[in-house]
Structures are given as structure tokens and as C-alpha cells.
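Two forms of a single protein chain come next, each set out by itself as C-alpha cells; they are called structure 1 and structure 2.
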Structure 1
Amino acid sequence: MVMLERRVEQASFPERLAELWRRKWKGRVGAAFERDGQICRLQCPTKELPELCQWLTCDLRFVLATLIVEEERAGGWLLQYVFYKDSDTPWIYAEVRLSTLSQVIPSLSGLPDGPSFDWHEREAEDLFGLTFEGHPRLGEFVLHEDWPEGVNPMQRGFDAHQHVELRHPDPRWKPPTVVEAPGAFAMPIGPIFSDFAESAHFLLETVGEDVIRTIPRFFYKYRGVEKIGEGQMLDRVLLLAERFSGTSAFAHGLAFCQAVETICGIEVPPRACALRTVFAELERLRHHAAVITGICNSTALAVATAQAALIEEDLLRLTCEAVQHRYLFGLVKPGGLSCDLPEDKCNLLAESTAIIAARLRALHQMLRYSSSFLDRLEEVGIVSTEKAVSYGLVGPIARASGVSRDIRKLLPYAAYNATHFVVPSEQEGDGYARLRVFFHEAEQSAALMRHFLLSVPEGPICGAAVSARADAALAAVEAPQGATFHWLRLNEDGTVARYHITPPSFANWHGFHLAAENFAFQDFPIILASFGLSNAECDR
């Protein structure tokens, strides 16, 4: 047995995985490798699903990327639980097939890493009408209580352009409260906020000054992007991919294009790879500057807010000067980029970002010595490492809680494997740790941009034209907020059969309530700002 272990350890991971599978699962779960061992498919009967997923997440330390639900052409339903680890390890697709909708699927929300499955199951239940057995809370998630019962928009028979008559809200409806204490009451905030903010709703259960817990409610901005993309041509769906979340448009456009490129086997030229990296980092830099502005604003530190806002606006102007749009719309396309960055613009970007990085450093330095500011952030809104892991949090929020996971490192794309960088991470998981991660990442983005701008390879900016095939692919990109996964199935005629987006804000909003427990009421805007999340991105 010891001999066997050693042999298994030395083998490459796909072989090792095959060996582990043989020992534990042969006869119970089918396995097959695809795309030169890059993908491992495990066909699993529904009753084995919880044990299999626990084995993957707890024993092998795989991480859930997404849950893809598909109504198969031949009838029946296919559920794919997709897991990833790093570039040496294949993607794992745990597949479950259902012949009818009424067949129940065991809920995975009770597993040790259950919370990371939780919202995916709720979404599938709402949009497809699947039944998850043992889930503590289903319904009223994406579709709110005024949506008619039994109408599931993602089913194939549902026409995306029909008008759905909403029900009248029930006047007896009461918010679902948990806290029972003398004097306890629920305080609603939203969906319309007092400033320029996105629509979401938070129910604060409070006994006066102290808030015991927060019940957030999202999907006020659900625009059904995945549904209205179905049956459309690729160039149309690219518009949706870019525009469902405008502040991270480039990252999502890039993920969509990478999925198309994988399906069609398009090689992206080196110049386009380098420039894509530059633009992705420019977007990250601007996004983080905006979050820092928000954090300063939430603590009412006026001069710091103004300084950060100036940096943010300067970055918007710089982006516009370089590529004709302040939010990088219309830039990425399958195969490369739609416009080149001439040398003078490269120099402009390199010089300007160096200056902006210095200004950010100076601002960070001043904030570090502003005790009144630090008092508001330190030990506020803590997310522990264990919770960050079990909830599957991603991006800067996870990295501030000691989970230094980054798609740019784990599954490099564009030109990220051509450079070395250290993923910033902090341990405390409080508001201040998140602020530090945002600052470090912003500075690092500026450094990465300069690195690539000074040595952009010559050559074309776009590869071969798209020649569509009927196939599916998943692409992973580290958006400013964290890992995003875009899964796409194409028809032979180049139209989109099914499109599934798992944005980082979807994972991170799920963990928001962890930070918003037992806090003083006036800290709420600060906790909210320190997450810096987008509702448009989460709601789609």
C-alpha cells in the first residue's frame, strides 16, 4: 500500500486522479478524460453526489467554480458541478443526469463546504424549477415573491420576450426575521439608497444601536442576461457579456471571448495577449481606486475621498484617451482585440500609471497614519478564514481573509504566465485588511501594466475569424472582484445555445452577511463599502 501511495504521488495529476478514482469510486462513478486530460468528467448517480463532492472539496481540496444546468436536446436535464484547483490539475465536472424535472437532487448545502453550493442551488431552483432535497431555504431568490408560481424562465419552453404578469404583492407579507429579543425590530434599507448606489435590500435586525444580523436581498436588477442571450449571434451576446456589469466590462468580455476561442480553437496573437493583460489590469486599477474612494467616503474623511475620487476620474479619462471609452467597452473580441494601442498611447499609459501609482502610495501612507480613520475600519466586518473557504469567497475579499487564491496565478490566461508577481494577502479579514489588499493590488496592477507596456510584442492584434462549432467551453478570468466563470455552449450555426455566467460578486455577496453580524449601526456603510461589490454583476 505504501509503495502504491508513493507511485501515485510521483505520477502526474491526471494519472494520480485516475488512480484515486479507481480506488474509491470505480463501479459507482464513471470517469472520462477530455481535451488532453484538461477535463475530467465524473458521471455520478444522484445518491452518490454528496459523498463525491465532499471527497473533491474536503479530501482533494478542489474548489467549486460553478453549477451549470442544461436542458438536454434529447430530453432530460444535465447538472454539471465544476471544480478547479490549479493549472497542473484537470477541471472536474461532476455530472448528474435527470430524466424528469420532478426527480430530486440531494442538496449539498449541508457539506462542510456546503455554503459555496448554497446559492447555486437556490438559483437553479428558481430559474429552472429543479428540486433540491434538504436545502434549508429555497424560493424567493432571483425571482421575488411577486413572480408567478411555477414559471421558470430558464426552461427551454419559456419565451424570453414574453411579458410576464407579476402578482400583486401580498399586503400581509412580513420580512423573515430571526432575532427574538425584547425590543428587537427589523430596519429595512433599500432597494433605493440615499446616494448614488445600486439597488439591493438589507434588513437589519436590531435592538437599538447594535445590529444583531443582516438579511440581504438581491436580484432587484435581474435582467435575464443568460436567457436573452440564447439563440443570439455571438457578436450580440458579446454586447451583453460586456454590459451586464459595466464597471468590470473588460474582464467579463474577456471571459466570454476566451470561451469562444476555446470552442473554435482560435489562437490569440502574442500582441493581443499582452494588451489584453494591460487592459485587464487598467480596469482592476480603476475598480480598486473606486472601492478605495467608497471606503474613504463611508468614513466621511472628506479630503481622502476627494483625493481618491481624483485618482479614479483621472484613470477614467486616461482610459478614454487610450481606447476611446471610459469603461473599455467595445475593445475585446473573439480572437484578440478590435483596436490596437499605438506606441504613443502605450507610453502615455505607462507614464500616467506610474504617476497614479505614486499618488495611491502617498494616499495609503496618509491613511495609515490617520487614527480616526483606522478606528472605523479595524476589527469591523470580520470574515474568518474558515468561513471564507467554506463560502467559496473569491478575489480581494477572500485574500483579505487569508485565502490567497487568484485565477491569474492558478489558471493563467492572456499573458499572465509570462511574468512573476506575488498575490497580496492579509490574515485579519476585517475592513482594514480589505483596504490594504485593494491598495496592494492596485499598485501591483500599475506595475504589471508598465511591465507589459514596455515590451509589447509586435504583430497582429487579432487571430483567425470565428468558425463556429457545436461545442461547449468554460473560461475563467480574475475580474477586479475575483474569479469569474463563463460557460458557453454554441450551436453549429454560431448562435448561442446556452450561456452561464458565475460572477465574483455572486460568491462574495453570499458571504456579506458573515461580516454584517453584531456590529454598531453606524458601521453598516463602512462594511458595505469595504466589500466594494457590484449588484449589477451579481444579479445579471
Structure 2
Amino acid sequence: MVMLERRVEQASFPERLAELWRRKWKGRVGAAFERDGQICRLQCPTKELPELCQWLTCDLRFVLATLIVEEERAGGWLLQYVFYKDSDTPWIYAEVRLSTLSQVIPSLSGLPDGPSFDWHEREAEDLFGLTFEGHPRLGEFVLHEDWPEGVNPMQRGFDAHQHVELRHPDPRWKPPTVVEAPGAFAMPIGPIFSDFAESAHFLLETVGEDVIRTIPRFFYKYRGVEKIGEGQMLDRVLLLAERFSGTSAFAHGLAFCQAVETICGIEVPPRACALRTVFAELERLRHHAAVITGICNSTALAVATAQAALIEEDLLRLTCEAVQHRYLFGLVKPGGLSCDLPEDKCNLLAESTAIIAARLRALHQMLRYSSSFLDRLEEVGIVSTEKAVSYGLVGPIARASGVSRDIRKLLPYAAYNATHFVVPSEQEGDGYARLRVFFHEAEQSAALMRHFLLSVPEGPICGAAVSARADAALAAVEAPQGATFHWLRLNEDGTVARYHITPPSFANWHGFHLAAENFAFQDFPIILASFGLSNAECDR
């Protein structure tokens, strides 16, 4: 036994995983490795699913990436729970099949890391009509009460071109509440906001000045991006990928293109990889400047807000001057990029981002010594490390709570494996920790841009033309808000059979209530700004 344990420890992770599977699951769960050991598929009976997922998340410390649901052509359902860890570890696909007669599957929301499964199950219940047995709350999630009962828009039988008769709302309908105590009341915020904020509703419950429970509600503008993409050619679906979240257009377009490249076996040229990294960091830098602007504005710090807003606007103008679009639309394509960046534009970006990074450092220094500003952020909106892990939070929000996961490091893409950088993280998990992470990441983005801009490889900016084939692939990208996952299945004729997106805001909005609860009402807009999330990205 000791010799076996030693052999398992000394083996590569795929070998260790195979050995651990044989010892614990052989005869109960089937396993197969694909793509030279990069993917491990576990064929799991329904009854074994909760124990298997707990083994993966709690014992082996895998992280849930997404839940992919497919209605199979021959009938029945295929559910794929996808987990990841790092570049030395295969992706894990825990696959469960349901017959046409059974649409019931056990809920995983009660596991130790169950909250990370919660919204995925609610989404699948609404869009596909599946039932997750044991889930504490299903229904009226993506599809609000005006959708007819029994209509599930992601099922094969649903015609996206057919008009759906809206259901008249029940006049007796009341928002769900949790707090039951003398004097308890609920304060609604949204769904309509001033300025450019997208629709979202937050129900704040209290019996005094502190928020006891926060119930968020999104999907007021559910657009059915995944359904619209079915049957479309790749170039049309790329437009959808770029446009459902304009402030992260390049990241989502890049993730879609990487899925296409994996399916079609396309190799991206080194120059395109380097420039993709530059544009991804330019988008991150601009996004973080916008979040810093929002945080300063939420605390009524007018001068700092104006300074941060000027930085954001300068970055937008710089982006437009370099590539003819302020938000990088139309730049990425399968195989590389749609246009090159000449030497003079490379030098312009390198010089300008160095100046902007210095301006951000100066702003950060001023904010660090503003006691009235810090009083609104320090020890406010705290998310603990344990909660960040169990809810599967991603990006700067998770890193501010001590969870330093970053797809650029864990699963390098583009040219991120060609340079060394340290992922900024903090431990406190409060609003000030999140602000510091945004500042540090923005400065790091500027440094990464300069590194690649001053040493861009020569050569083409696009690889071979797309030669589509019937297959599926998952791509991961570290978008400005965090890890995003785009899963794509193609038909033989190159059209999209199924497209599934898991954006970072979907994960982080689920954990937002952790920060908003047990703090005063007047802290809510500041906590909201410190998350820097996108409602539109969630409402895909």
C-alpha cells in the first residue's frame, strides 16, 4: 500500500488521477482520456453524481467552470459538469445522460461547494425544463413571471422566430422575502436606473439600518444569444459573442475564436498571439479604469472621479486611434486578427500606456491618504475566502478575497506563457481590497502591454482559413471581470449546433449578496460599485 501511494505521488497528474479513479470509482463511473490526456470524461450514473462532484471539488480541489446542457438528436439529455484546476491537470467532464422519460437530476446545491452549482441549475431548469431534485428554489430566474408556463426557449422544439404570448402578471404576486420578524420591511432598488446602467433589481430586507438579506434579480433583458446562434455560420456567431457585453468585447470574441481554433486545429501565428495579448490587456486596463471611476463616484469624491474618468476616456481614444474602434469590435477572428498593428502604433501604445500607468499610480497614492474615502471602503462589503471559494467567485473579486486564480496563469493562452507576471491578490475581501486589486491589475496590464509591444514577432497576423468539422470544444479566457468560458459544438457544414457562454458576471453576481448583507443601507451603492460587474453580460 505504501509503495502504491508513493507511485501515485510521483506520477504525472493525469496518471495520478487515473489511479485515484481506479481505486475509488472503478465499476461505478466510467473514464476516458482525450486529446493527449488534456480532457478526462467521467461517465457518471445519476445516483453517483453528488458524491463524484464532492470528490472533485472538496478532495481534489477542482473548480466548477460551467454546466453544459444538450438535448440530443436521438432523444434524451446530456449534462456536462466541467471542472478545471491548472495547466498540468486535465479538464474534467462529469457526464450524465437522462432519457426522454426522465428530466429529473439530483441538485448539487447542498454540497460543501454547492453554491457554485446553484445558478447553473436554476438556469438549466428555466431554459431546458429540467428539474433538479432537492434544489431549494427553482423557477422565475432567467424567465420572469410574464413568460408562459412550460415554455423553455433552449429546447430543440422551441422556434425562436415564433411570437410568444406573454402571460399577464398575477396581481397577487409578491417578491420573495426571507426575513420574518416584527418591523421587517423590504426596500426595492431598480430595475430602472439613471445613466447607462442596465436593468437589475435588488430587494434589500431589514429590520433596522443594516441589510440582513439581499435578493438580486437579473435577466430583464434576456436576449437568447445562445439560441440565436444555433444554425448560424461562425462569422455571424462571432458578432453575437462580441456584442452581448460591449465592455468586454475582445475577451468574449477571443474565447469564441479559441473554441473554433481548437475544433478546427488552427494554429495562431506568434505575432497574432502577442498582439492578442496586447489587446486583451488594453481592454482590461480600460475596464479597470472605468471601475475605479465608478468607485470614486459612489463615494461622492468628485475630483478623483473626474481624474479617473479622464483616464478611461483617454484609453478609449487611444484604442480608437490604434485599431479604429473604441471597444475593439471586429478585431479578433478565428486564426488570428483582422488587422495588423504597425510599428508606429505599437510605439504609440507603449508610450501612452506608460504615461497612463503613472497617472493611475498618482491617483492611487492620493486615494490612499484620503481618510473620508477609506472610511467608506475599509471593512465594508467583506467576502471571506471560504465564501469566495464555495460560491466559485472569479477575477478581481475573488482575488481580493485571497483566491488568486487567474486563467492567464492556470491555463495560459495567446502569449501569456511567454512572460512572467505575478497575479495581484489581497486577503481582506472588503471594498478597499477590491480597489487595490483593480489598481494593481491595471498597472500590470500596462506593463504587459509594453513588454509585448516592444518585442512583437515578425510574421503573419492570421493562420490558415477555417475548415470546419463536426466537433466540440471549450475555451477559457480571463476577461476583465474574471474567467469566462465559451463552449461550442459545430455541425459538419460549419454551422453552430450549440453554443454556451458562462461569463464572469454570472458567477460574481451570484456572490454579490455576501458583500451587501450585514452592512448599512448607505453602503450598498459603494459595495455595488466595488464589484465592477456588468448586468448586460449576465443577461446574455
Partner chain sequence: MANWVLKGLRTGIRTTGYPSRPERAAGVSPGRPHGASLNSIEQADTLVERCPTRAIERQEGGVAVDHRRCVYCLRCQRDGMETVAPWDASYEWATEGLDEAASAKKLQRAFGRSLHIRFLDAGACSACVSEARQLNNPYYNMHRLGLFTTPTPRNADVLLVSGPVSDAMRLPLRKAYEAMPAPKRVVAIGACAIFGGVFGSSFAASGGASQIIPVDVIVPGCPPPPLAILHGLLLVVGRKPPAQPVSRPSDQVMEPA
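Structure 1 provides the reference sequence; residues are numbered from 1 along it. Bear in mind that the values here come from a model prediction, so they are computed numbers and not experimental data. Basically, rigid core = biggest C-alpha set you can superpose within 1.5 Å across the two forms.
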{"property": "Form predicted alone - structure 1 or 2", "result": "2"}
{"property": "Core-aligned CA displacement of F196 at least 2 Å between structures 1 and 2", "result": "yes"}
{"property": "Rigid core superposition, S455 Cα moves 2 angstroms or more between structures 1 and 2", "result": "no"}
{"property": "L101 C-alpha moves between structures 1 and 2 by 2 Å or more, core aligned", "result": "yes"}
